[in-house]
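Taking the form predicted on its own, here's one chain by itself in structure tokens.
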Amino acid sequence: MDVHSHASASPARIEHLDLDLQVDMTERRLLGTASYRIRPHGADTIILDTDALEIAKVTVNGKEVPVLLGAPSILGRALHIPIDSNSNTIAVTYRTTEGARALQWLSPQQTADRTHPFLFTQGQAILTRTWMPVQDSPGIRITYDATVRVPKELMAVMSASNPQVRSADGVYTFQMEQPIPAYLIALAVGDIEFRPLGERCGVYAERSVVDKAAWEFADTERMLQAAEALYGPYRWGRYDVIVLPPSFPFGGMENPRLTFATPTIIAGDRSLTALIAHELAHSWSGNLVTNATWNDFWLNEGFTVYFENRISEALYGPDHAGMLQILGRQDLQGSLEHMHATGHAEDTHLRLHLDGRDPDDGMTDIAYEKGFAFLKLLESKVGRERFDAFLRGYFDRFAFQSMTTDKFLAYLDEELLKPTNTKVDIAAWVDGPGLPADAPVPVSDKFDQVDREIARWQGGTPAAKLATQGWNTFQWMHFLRHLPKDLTTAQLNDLDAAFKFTSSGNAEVLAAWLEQCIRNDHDAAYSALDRFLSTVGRRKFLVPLYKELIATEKGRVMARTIYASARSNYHAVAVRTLDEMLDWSATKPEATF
């Protein structure tokens, strides 16, 4: 049972989607017909998830039936369609509304090229139901075909087979032959171009971005080869990436065949492409073997962080992988401290209990980094060779299937723990709070060098005389995260004069610097802060920066002033988080000042 999908109430299942869609960029709506091949399983009703959709017509085997919508709830509205044992197909004609939280419609001014509008979808976790009626559960997989009509000056791409050149008439057709859950159905429409990165890989982006992205992601084909060497063949045909406008709320989204990515990973030095390794790894952990419910989210993300780290180690060496591990552990410790301080210790379990809540609440560092630490512990106990064989067998055995925590733990016990006589306190890791004491501790000589230079600076050595030559992005992030809590204006000026943090083109470095500046009320960086918060929609950066701002009265006024103008640039996923954080009233924002 998936508590986040009405479809769990009926045994009848959809199997294949044929989507016919008109994209109206002027009115900002989708008009479509979603036709499904179904398997009745003896049911008299099939239930689809919808949210904020206007349903015009429903047919069963081509014959129109009444539109039966349930009451609104946090899950949207259930669409009940009467069927019998002879029902083979259903079709729903519909259009989206302003309440379609999966969709972000961008004006030309909100794009990189500032010439044409842009649209992208973000379905995870339960938002695909806001742009099509569907059984919106990660435990239900379908194949799909789509015909999408867009203005002829734009290109459409999906999580499916994709065009590499623009259609003359604005009509695009797509196929996804492998069964996927609804949250991985994705669409983007804009003035984009394609560049190849290898035989199986390429990148899409706006014209002014695409060549920069192609240079930045040059190692993608190598990453794919390294992934296959670890855990078996890539089963999706091509692996492409689309760089979206900066309002995209995540670093990346692992939509099959076409990762959606933030432009904040384009740093000009290929230093932030671990994100591409992460999204590529999802082609095995998440897309191939998928968490059955959002309570099992760690099965997607913990495995993917582990896999990403192994790809990074294979390409760039153990030091690189070690630094990634330490930064991840730092993020995890911060999340654990916050959850315990706010009385949400239950959210630090790997197995979640999100009944009655938006599953987006469970998409935290716990799933990613505590899940990763658990797998690293298993690797350390049985040895890497044995653990690799176990993971390879896991992906092969459960390919294109969903996975619950209990089912995985049974498989783990039978295939790895018992044969090797390995003892692990599973309950403490999966159903217990915090980070167990036996969690492996990541180490890095590279960060030891950084710590020594921080100590020298605290001892009076000017920033310009520190031994920082050759530092990479991870070392700079560690440096900024470990500066003293209280800094003077003179100290901040010294650092900025030496290292030009405020003008950095590296989003990770700039965001970490801006946190320090807010914490220490450094006026000289506030113009850069305003620009950053007004143009970047990645929730990873927005949340800590706004959190630091609202810690003081002056910062609260600044946060709400910036948010009032920037809010329309953010995707609904980020808006939901920030509205709650800032106690924002969408109807009367001035009342919150």
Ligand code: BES
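Each residue number is its position in the shown sequence, starting from 1. Keep in mind it's a predicted model, so treat the numbers as computed, not measured.
We do not show the form predicted in complex with the ligand, though everything after this point is about it.
A.B. asks: For the interface check, one of 226-234, 379-387, 361-369, 108-116 should have non-hydrogen atoms within 4.5 Å of the ligand in the model of the complex; which one?
C.D. replies: Careful reading of the contacts points to 361-369.
A.B. asks: Taking 29, 52 and 54 together, does each of them reach the ligand in the model of the complex with some heavy atom inside 4.5 Å?
C.D. replies: Checked in the model of the complex: no contact with the ligand for any of the three.
A.B. asks: Is residue 538 a contact residue for the ligand in the model of the complex, using a 4.5 Å heavy atom cut-off?
C.D. replies: Answer yes; at least one heavy atom of residue 538 falls within 4.5 Å of the ligand in the model of the complex.
A.B. asks: Would you please decide whether residue 282 lies within 4.5 angstroms of the ligand in the model of the complex, comparing each non-hydrogen atom pair?
C.D. replies: Answer yes; at least one heavy atom of residue 282 falls within 4.5 Å of the ligand in the model of the complex.
A.B. asks: In the model of the complex, does residue 496 have a heavy atom within 4.5 Å of the ligand?
C.D. replies: Flag for residue 496 set to no.
A.B. asks: With the partner left out of view, is residue 159 within 4.5 angstroms of the ligand in the model of the complex by any non-hydrogen atom?
C.D. replies: Result no; residue 159 lies far from the ligand in the model of the complex.
A.B. asks: Among 242, 79, 253, 180, which has any heavy atom within 4.5 Å of the ligand in the model of the complex?
C.D. replies: Of the listed residues, the single hit is 253.
A.B. asks: Though the ligand is not shown, can you say which of 131, 204, 303, 297 has a heavy atom within 4.5 Å of it in the model of the complex?
C.D. replies: Partner contact (heavy atom, 4.5 Å) among the options: 297.
A.B. asks: Along 112-138, which positions have a non-hydrogen atom within 4.5 Å of the ligand in the model of the complex?
C.D. replies: 122, 124, 125 sit within 4.5 Å of the partner.
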